[in-house]
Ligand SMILES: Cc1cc2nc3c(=O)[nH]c(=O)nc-3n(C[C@H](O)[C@H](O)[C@H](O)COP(=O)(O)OP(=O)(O)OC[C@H]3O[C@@H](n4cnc5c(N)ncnc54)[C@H](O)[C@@H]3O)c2cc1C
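Quick setup: one chain, the form predicted alone, written in structure tokens, and binding and motion questions come after.
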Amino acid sequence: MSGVFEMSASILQAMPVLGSAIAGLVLLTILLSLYSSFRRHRIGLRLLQQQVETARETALRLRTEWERSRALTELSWSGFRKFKIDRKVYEDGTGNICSFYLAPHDGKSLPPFKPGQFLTFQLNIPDLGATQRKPTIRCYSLSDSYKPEYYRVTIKKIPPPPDKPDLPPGKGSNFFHSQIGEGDILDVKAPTGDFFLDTTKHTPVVLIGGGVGITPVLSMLNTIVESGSQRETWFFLGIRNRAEHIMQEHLARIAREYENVHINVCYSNPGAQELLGKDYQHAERVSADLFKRVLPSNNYQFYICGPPPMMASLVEGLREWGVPEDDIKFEAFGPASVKKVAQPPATALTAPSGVETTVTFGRSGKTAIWNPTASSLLDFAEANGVVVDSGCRVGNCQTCLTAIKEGDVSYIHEPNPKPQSGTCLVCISVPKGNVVLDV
């Protein structure tokens, strides 16, 4: 009996301890519930804030696009407009790359453009001989973001080809460098081109420039940072060394000030005094293998502009890496193209009877037997003394648009946009059998 009393006494003595433990457990449960509720509230609040921010960015983007469209409608022009060279600024250590700031001669505001587009110039270049009476047409990419008071193009002075030093240097580029000064007046068409950054999207992008091919992607980069966009941006520039390092301080400042932008400069032949990590980030050429090492994934839109061998290598490498075709965008740089389709063999360029294919230039009254080794109808025309208005020579500027009076042509690569039926871009086309052109 005494044992029962002793057990009861022990339980009574333990009651305060058990009560404290239970009270503590209840309090802990309440605190956990409150914390969980608070945490859910914070997560919900954070999601709400993100939704509000997304809605704000969307509204701002739509307003910006509306204002851009309105300004484009009100301020754009057809044909050529007079521009004054307001400034010339050399951008590299060689003196071969110069930016030209173009102010409208009439003093009116300029229409906006899509970053990556180009200007078309009509140049009256002297001392070209009696066969060059027509103005020379040249196209140069805009190299800055939109400013209503000026446009900027950045032009490299092109020397004769290294393997053919007897050939003349680039006509347009050398004319700009040696004969165009501040205060001179030029005739310029409104911005155009189908290689441009879609600023209505926030998808991550990789911008790639080779040498002076930096110009359109630099316009894209400047637009991103100056608009306040937080889209993930990787920028790659491929050059030989510091002497060719275009906009070096400008790119370094962007790298310091914008966390969403990652600048990667590649020197293929760095000098002993050029420092890895300061002057450049990679001692190699820009390549798909470099992207695989540096980029978190291949889930980007790639914008490429550079010399043909560089672009051909990059496009092939990106395709092999599994990047969708729609996510590989490039600007042709010179007469070569990275999207060439197989040209018909020589036998396909002859009539079924075996008669050689002829090209007739209707206005000039000339007929010539087509040479299958010719790179295009434009080159073939020039080789036969027929002058055709042309500009970019890669199917972008539409300057060489020519009516087809008889026959048809094939394209070396598909133009975008494609000309209307009955016309062709002679700079990127070859004949399908006998053809008569209205030139």
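Treat the numbers as computed from the prediction; the structure is a model and nothing was measured. All residue numbers are counted from 1 along the displayed sequence.
One more form of this protein, predicted in complex with this ligand, exists but is not displayed; see below.
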Option touching this ligand, based on a heavy atom within 4.5 Å in the predicted complex, out of Lys171, His105, Arg253, Lys134: Lys171
Heavy atom within 4.5 Å of this ligand in the predicted complex - residue from Pro160, Gly95, Gly271, Pro148: Pro160
Segment assignment from 318 to 326, 172 to 180, 221 to 229, 82 to 90: heavy atom within 4.5 Å of this ligand in the predicted complex: 172 to 180
Exercise: Gly407 in contact with this ligand in the predicted complex, heavy atom 4.5 Å: no
Any non-hydrogen atom of Lys156 within 4.5 angstroms of this ligand in the predicted complex: yes
This ligand contact at Cys139 in the predicted complex, heavy atom, 4.5 Å: yes
This ligand contact at Cys392 in the predicted complex, heavy atom, 4.5 Å: yes
Check all three, Phe118, Leu167 and Thr215, heavy atom within 4.5 Å of this ligand in the predicted complex: yes
Comparison of CA distance in the predicted complex with shown form for Cys397, Asp194, at least 3 Å: farther
Cα-Cα shift for Ala190 and Gly395, closer or farther in the predicted complex, minimum 3 Å: closer
